[in-house]
Structure formats: structure tokens, C-alpha cells
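What follows is a single chain, given as C-alpha cells, in the form predicted alone.
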Amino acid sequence: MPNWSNWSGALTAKPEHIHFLRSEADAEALVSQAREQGRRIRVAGACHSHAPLVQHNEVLVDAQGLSGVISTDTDSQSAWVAAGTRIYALGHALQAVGLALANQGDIDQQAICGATATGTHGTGVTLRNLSAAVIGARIVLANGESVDCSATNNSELWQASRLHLGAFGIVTRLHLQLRAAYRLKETTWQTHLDDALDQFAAHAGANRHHEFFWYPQSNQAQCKSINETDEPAQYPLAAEGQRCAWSHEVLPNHRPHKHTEMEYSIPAELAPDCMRAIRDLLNSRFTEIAWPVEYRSLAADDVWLSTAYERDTVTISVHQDIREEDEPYFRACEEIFLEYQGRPHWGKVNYLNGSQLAACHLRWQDWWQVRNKVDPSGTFLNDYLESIR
């Protein structure tokens, strides 16, 4: 049996078969075969998730062969892209026709379908997550047939599957709402954590992007703001915090150090107190933690399982080196996050059961109802998803 692991190496599996997908026709045939054999399917993108969404011992689909920009429409500022396309591969291809993602995260190694499947996001009080940019999709359902969906065509399926957790079928292509290509310039500075928290709302409102990292066992916070600019791109790219270039060259950063991560989305008005509680936890119980805590903003959206569903949000992320034990630290943080009405990032560590997740998400039952309608036999579930139904 072949071996599989996620990016960090923390999650492993021995699937019966790993299928490298090369076409939509191949996906349809594979699903039909699996249905006939009673085997379950999970799809892997870049395997950058810290959650056990792909971990699976039956059929594992590698979607990297479905890659590239399929078509673009500059009038509507949209594009169809193959589901396995890495985010870093979209930047130059879209820029060539004058388009860009409206926002993206700190890491651009993920497959676009994996990023939208888990509600991956960047930062900005006016900017929503990547799932909210999905205006259409093509999905191979459990019956082996490809179905297109959008706000006007199979709209219920589209609404539920914008953040799909890989549970509806094999998504083979996505229709993304984009914007005109743009350049960004970033600045960084250090300040006291209390000042960073007190001034966060003002900075976040005055800048397109604003975030900070706090370093445990210190009072120092590293702040970063990024704004659109008409200045020409400057090459070679400067160090992080000093770049001026196209959006896809400034927003992501190189993060090679293997780690695990937990992130919760907190209602914006509760986030400063939540962050202070996390600081107190680190200063009192987990004094050995060296990895910084990240504090970002995220706009409200209407995606059913989004962590920012119908509320403006601040996300707080905690990290640990892959070589160190993380569970006691993460569980202690999770207790605090839940006290402040937190919702866990779908691509990162959490320890919640189905009842707890249902309490976090107002449209939980609606999402499962649509999912179960198109896959009643659970072809696209794994043990983890079964456990939270």
C-alpha cells in the first residue's frame, strides 16, 4: 500500500490506491468505478492542511494534474481555473490578462480547490476568504456525472459547496470572481502588544491589509500594513515587509519551517480580550513556546461553513514546531477560543465534535442536507467527516 502524508508530516495514511487525476473524464470514470466497488474517495490538493480531511485508507485522488487557467473574461473579471492549480501558479497567468485574485493568504502553496474547500483567507476588514470568490464550480458527483453549479444553476449545491471539505464530489474546476491586476507596497514596524491591540481597529480600517505577530515571553508585536500603490514594481524583491510589487508577489511569504497550527475566528469586538487571554496562558503555563501568535482581520461573508459567516472577524493563530508536542498547548488555547465564540479554521487543528461544530455554524444542518442529497452513500466521506456528522 502506498504511503501518504500531509505537508508537515503530522498526518499519515496508507491508502489502498492513489490515483493521479489527469482529466475530468478520468474523474468521472474513477467515481463510477469506486461506486460500483463500494469504495470511498478523498481528494488531495497540495496536502497543506493540518486537519485530517484527506487522511484516508481507501482511494486517494491526487488532483495536481488538473492544473492551469482554463478561460478568462476580462469584462466580468472572472476566470475558470482547474481545481488542482497551485495558488502561486495563478498569479502570473492572471496578471498576463490584467486580472488578479482579490486577496490571498500568507502561503500560496495550496491547490486552489483545497484552499476554497477549507475557507482559507488572507487579511483585511473589507476582504473575504477565497471560498467567497467561488461563483461557479464543476463537480463530479457520486453517480459519476459532472454537474455545473452557480448562483443561477443548481444554486443550492453551489451555495453549500463553495466551502465543501471535499465531501460533495471531485471538484474539477472553479469559476472565480477576480479583480483588475494591482500592485502593493508593504511596511512593517514593532510596537508593544497592548498598543498593537489598542490600535488594531484603527490601523485595519486605514489600510487594505493589517496584521501583527506577537512573540511569546515578550511585549513585542511585529506589525505589517499593505496598501495598493501606483509605484512600479521593484526587483529583485526586497525582504518581507519592504516589498513593492504585484499582489501575488507581496501577499504570500516563504514559510519552509514545518509546523502544526490552530486558528480560530473570533467576533471582531471580542478579539482583543481573547488575545490577552492567550497571552496570559502563554506567560503562565506554556513559557517554552517560541512560535509567534498571529492576529488578522477578515470580512463577513455568506458562505455557509465559513468561519466569518455573517460576522466581521479577527483570526488568531497559534503554531508549534512539528518536532514538539502540540496537543496540550492547542487544547488549552481552544478552551479560550471557545469562550470567545470562536470558530475553528477547517484546514487547521481542532478537537471539536459534531455537536460543538453544529453550535458554531448556523447553517450546519443545511450544509449536511445538501451534501447527503448528492452523496447519500457517503462515497466522499472519510472517518473524520463521518465522526462529525
Ligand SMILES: Cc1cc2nc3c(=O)[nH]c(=O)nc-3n(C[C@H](O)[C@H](O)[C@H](O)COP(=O)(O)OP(=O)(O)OC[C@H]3O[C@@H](n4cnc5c(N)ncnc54)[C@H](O)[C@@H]3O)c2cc1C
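Model, not experiment: these values are computed from the prediction. Each residue number is its position in the shown sequence, starting from 1.
Note that the form predicted together with this ligand isn't included here; everything after this is about it.
Novice: Sort through 117-125, 69-77, 282-290, 189-197 and report the only stretch with a non-hydrogen atom within 4.5 Å of this ligand in the predicted bound form.
Specialist: Within 4.5 Å of the partner lies stretch 117-125.
Novice: How about residue 343 - does it come within 4.5 Å of this ligand in the predicted bound form, if we only consider non-hydrogen atoms?
Specialist: It does not: once this ligand is placed as it appears in the predicted bound form, residue 343 has no heavy atom within 4.5 Å of it.
Novice: Does any heavy atom of residue 165 come within 4.5 Å of a heavy atom of this ligand in the predicted bound form?
Specialist: It does: once this ligand is placed as it appears in the predicted bound form, residue 165 has a heavy atom within 4.5 Å of it.
Novice: Find out whether any non-hydrogen atom of residue 110 is located within 4.5 angstroms of this ligand in the predicted bound form, and reply yes or no.
Specialist: Yes - in the predicted bound form, heavy atoms of residue 110 and this ligand come within 4.5 Å of each other.
Novice: Would you please decide whether residue 171 lies within 4.5 angstroms of this ligand in the predicted bound form, comparing each non-hydrogen atom pair?
Specialist: Residue 171: contacts this ligand in the predicted bound form.
Novice: Would you mind picking the one in 34, 47, 336, 360 that has a heavy atom within 4.5 Å of this ligand in the predicted bound form?
Specialist: The residue in contact is 47.
Novice: Only one of 302, 106, 156, 312 has a non-hydrogen atom within 4.5 angstroms of this ligand in the predicted bound form; which is it?
Specialist: For this set of options, the contacting one is 106.
Novice: Heavy atom within 4.5 Å of this ligand in the predicted bound form: which residues of 240-276 meet that condition, in order?
Specialist: Those in contact are 255, 259.
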